[in-house]
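Next up: just one chain, as structure tokens, the form predicted alone.
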């Protein structure tokens, strides 16, 4: 793996940062992309302090010119063999009250942003003879959340699920694998973004009660799944939505 690179969007925090740090330990040169300057700097500094190699890029994934600019820089370094497209937002609201601009913004970041990054990675990886791409899905693509208000987020992640399968079929002949990790409730800033500080303890307890494993995931647990999908250990896996959700999608809420 020496001399190869991994690119991660949403690298400033949460699962994205965890993938950056574990990817560095696995031997990748890490390209950390995020629009959060302090966060992406902290990610790069942590990797370098631990003896790894990383480059930070300030990128808004919805802006074509910023995405393509980052890939121009990536092309000057070690060969890109892996991508984890993690950048995402969750702006909730019941559908009949949801501002159309909010709906568009969620799809723009979560779906179009992922597409723009994947598009650039495909061009680089095809020329290099292959690689592995991992998108970030969600249980919201397959089920409605009891708490409600995730129409925009669920729609964006439904598109990611479809994109994963389509890309996997289209690009298999080029030696490219495309999969998605489907995280369950994970203790990240994004999870708590729409929850008032005073309500978080009660919400945490309620969520834990719905997870068969009885706890939230740590970002490192999701990151280990991503690293497996990026590695040759998953060499015959493509077009898959890999659940790393504590059993959430296996559970029915019906009790007799």
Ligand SMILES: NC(=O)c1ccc[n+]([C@@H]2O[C@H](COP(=O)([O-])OP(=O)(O)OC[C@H]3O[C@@H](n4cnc5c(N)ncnc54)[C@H](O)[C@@H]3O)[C@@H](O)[C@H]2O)c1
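Residue numbers count along the first chain shown, from 1. Remember, predicted model here, so these are calculated numbers, not experimental data.
Omitted here: the form predicted in complex with the named molecule. The next part is about that form.
Chemist: If we take heavy atoms and a 4.5 Å cut-off, which stretch out of 118 to 126, 96 to 104, 161 to 169, 132 to 140 is in contact with the named molecule in the predicted complex?
Modeler: After filtering at 4.5 Å, what remains is 132 to 140.
Chemist: Quick one: is residue 204 in contact with the named molecule in the predicted complex, heavy atoms, 4.5 Å cut-off?
Modeler: No, residue 204 sits far enough from the named molecule in the predicted complex that none of its heavy atoms falls within 4.5 Å.
Chemist: Can residue 220 be called a contact residue for the named molecule in the predicted complex at 4.5 Å between heavy atoms?
Modeler: It does not: once the named molecule is placed as it appears in the predicted complex, residue 220 has no heavy atom within 4.5 Å of it.
Chemist: Although the partner isn't part of this model, could you tell me whether residue 231 comes within 4.5 Å of the named molecule in the predicted complex, counting any heavy atom of the residue?
Modeler: No - in the predicted complex, heavy atoms of residue 231 and the named molecule never come within 4.5 Å of each other.
Chemist: With the partner left out here, check for me: in the predicted complex, does some heavy atom of residue 157 sit within 4.5 Å of the named molecule?
Modeler: Answer yes; at least one heavy atom of residue 157 falls within 4.5 Å of the named molecule in the predicted complex.
Chemist: Let me know which residues along 10 to 28 have a heavy atom within 4.5 Å of the named molecule in the predicted complex, or say none if there are none.
Modeler: Residues within 4.5 Å: 10, 12, 13, 14, 15, 16.
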